[in-house]
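The chain that follows stands alone, in the form predicted on its own, written as structure tokens.
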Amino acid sequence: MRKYVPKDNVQGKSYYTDRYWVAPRVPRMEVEADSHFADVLKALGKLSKESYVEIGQLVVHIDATTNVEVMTVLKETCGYTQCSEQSAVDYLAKDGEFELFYQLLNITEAKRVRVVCRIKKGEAIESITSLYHSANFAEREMFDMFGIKVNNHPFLKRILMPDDWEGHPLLKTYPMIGDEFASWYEVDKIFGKEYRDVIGPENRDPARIDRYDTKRFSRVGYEVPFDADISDGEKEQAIEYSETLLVDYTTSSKTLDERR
């Protein structure tokens, strides 16, 4: 059982000392000598610009132009035969760059290496599909979601969004509920732009509830006809409870003998 914490005057005592709490950085440890990771760094040599250990895995920062060379060494010399993940992070507003990362696994030694590099907007990265077949879909997803081009990819096209989609949804500048193109995409695609006034834009926020929607939501206690206009408000209706199926627990209910 969790320890009880008094809730007296809880609003007067802020949970965090700062207005915006920032999680502490994961500790970065130096690579131990005569360890497996030390051998990995020795094999990489000058290809490694910066290295440290985080949560038991080696993190290596490299130059983006050497990614294929680095992956070749890690796979053929160090035994990292599996690329389990590859993607990017949008730091365009902060640094004007993307941060790309590769997550590699050495199954024999049960060790992981994270390779990190940076590229500027508009720059391309070399494909590693010749070394890791799993990178095929990952690179296509990176192109689809961030717009990062991958040179020498065997089939670089969108993988999640439609081929004619405009924009890249994982960019931080992309609207969370989509832009105008996203709102009208299915209407234009299926019916044509001439039906925009008839159908209306797509609601891309599934959690959104319209206060005046009288088509899709029940209005218990305020029932109105289907598709009624309630812009001027609606009257409260008395709720009727069934004597056999439902019970109004807000009032004293009849006993079983009275029902019989």
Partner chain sequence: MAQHQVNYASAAGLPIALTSVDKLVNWGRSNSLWPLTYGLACCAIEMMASGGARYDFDRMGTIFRASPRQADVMILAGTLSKKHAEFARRLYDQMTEPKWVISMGSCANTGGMFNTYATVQGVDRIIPVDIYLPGCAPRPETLQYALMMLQKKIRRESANMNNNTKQNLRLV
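Positions refer to the first chain, counted from 1. All of these numbers come straight from a predicted model, not from anything done at the bench.
Just so you know, the form predicted in complex with its partner chain exists too; it's not on screen, but the next bit is about it.
Enquirer: Residue-level question: is residue 185 within 4.5 Å of its partner chain in the model of the complex, judged on heavy atoms?
Expert: Because a heavy atom of residue 185 falls inside 4.5 Å of its partner chain in the model of the complex, the answer is yes.
Enquirer: Decide whether residue 169 counts as a contact residue for its partner chain in the model of the complex under a heavy atom distance cut-off of 4.5 Å.
Expert: Residue 169: contacts its partner chain in the model of the complex.
Enquirer: Tell me, yes or no, whether residue 39 is in contact with its partner chain in the model of the complex, where a contact means a heavy atom of each within 4.5 Å.
Expert: It does not: once its partner chain is placed as it appears in the model of the complex, residue 39 has no heavy atom within 4.5 Å of it.
Enquirer: Considering non-hydrogen atoms and a 4.5 Å limit, does its partner chain approach residue 178 in the model of the complex?
Expert: Heavy-atom contact with its partner chain at 4.5 Å: present for residue 178.
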